[in-house]
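For reference, the chain that follows is the form predicted on its own, supplied as structure tokens.
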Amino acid sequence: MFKHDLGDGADLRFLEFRHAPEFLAFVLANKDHLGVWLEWGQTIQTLEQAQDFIKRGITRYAEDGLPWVGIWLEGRLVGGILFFPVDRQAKSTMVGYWLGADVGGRGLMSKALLAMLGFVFDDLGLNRLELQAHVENHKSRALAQRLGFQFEGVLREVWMLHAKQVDHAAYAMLRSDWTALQDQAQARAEAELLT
């Protein structure tokens, strides 16, 4: 079983079939919060639907080596990160994420996504990670910018949400961006040691 400690009582774990009841309870408890931006936040209503969602993540891991992970805080599922299929020729994929209404503002998603960025670029050797957010999802867009994703523009009517075509803000991080961010973090840490 994969488990990555994020500190402060939080960790990442693979989403597995055994988590389906907990995942369903999380989705139902956060239906209004998640459903604003994620169609599945309102459509997953049964254990079978929760299992189907998790099965897609298990399949993605088998095909691409990219796990769909849950974020646990003090033993309680509070969010997650998923990946879209890898474009092997471009060495590229897209990431999506979600967090429960009661745990925002703690930096939890920043820590979780940073851990997965290391996995995508350092372990899997991908070159590009895309992130899209509804143009009005200001929290998600701020997270992308805070982590160093570059804004690439607005994709008009690129996604269907609640039976309407919606625009997404497109962001991306390249492996070279990731390496530069890591070098900057190391330089800051070394400078702090000298002071």
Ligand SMILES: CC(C)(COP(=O)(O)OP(=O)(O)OC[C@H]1O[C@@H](n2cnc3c(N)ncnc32)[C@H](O)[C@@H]1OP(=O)(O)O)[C@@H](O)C(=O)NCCC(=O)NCCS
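Remember, it's a predicted structure, so these values are computed and weren't measured experimentally. Residue numbers here begin at 1 and follow the sequence given.
Form predicted in complex with the ligand: not shown, discussed below.
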| property | result |
| --- | --- |
| Which of 134-142, 42-50, 151-159, 61-69 lines the interface with the ligand in the model of the complex (heavy atom within 4.5 Å) | 134-142 |
| Of A170, L34, I54, V166, the one that lies within 4.5 Å of the ligand in the model of the complex (heavy atoms) | L34 |
| Touches the ligand in the model of the complex: I81 (any heavy atom, 4.5 Å) | no |
| The ligand contact in the model of the complex: A115, any heavy atom under 4.5 Å | no |
| Close approach of R106 to the ligand in the model of the complex, 4.5 Å, heavy atom | yes |
| Distance check, L99 to the ligand in the model of the complex, heavy atom within 4.5 Å | yes |
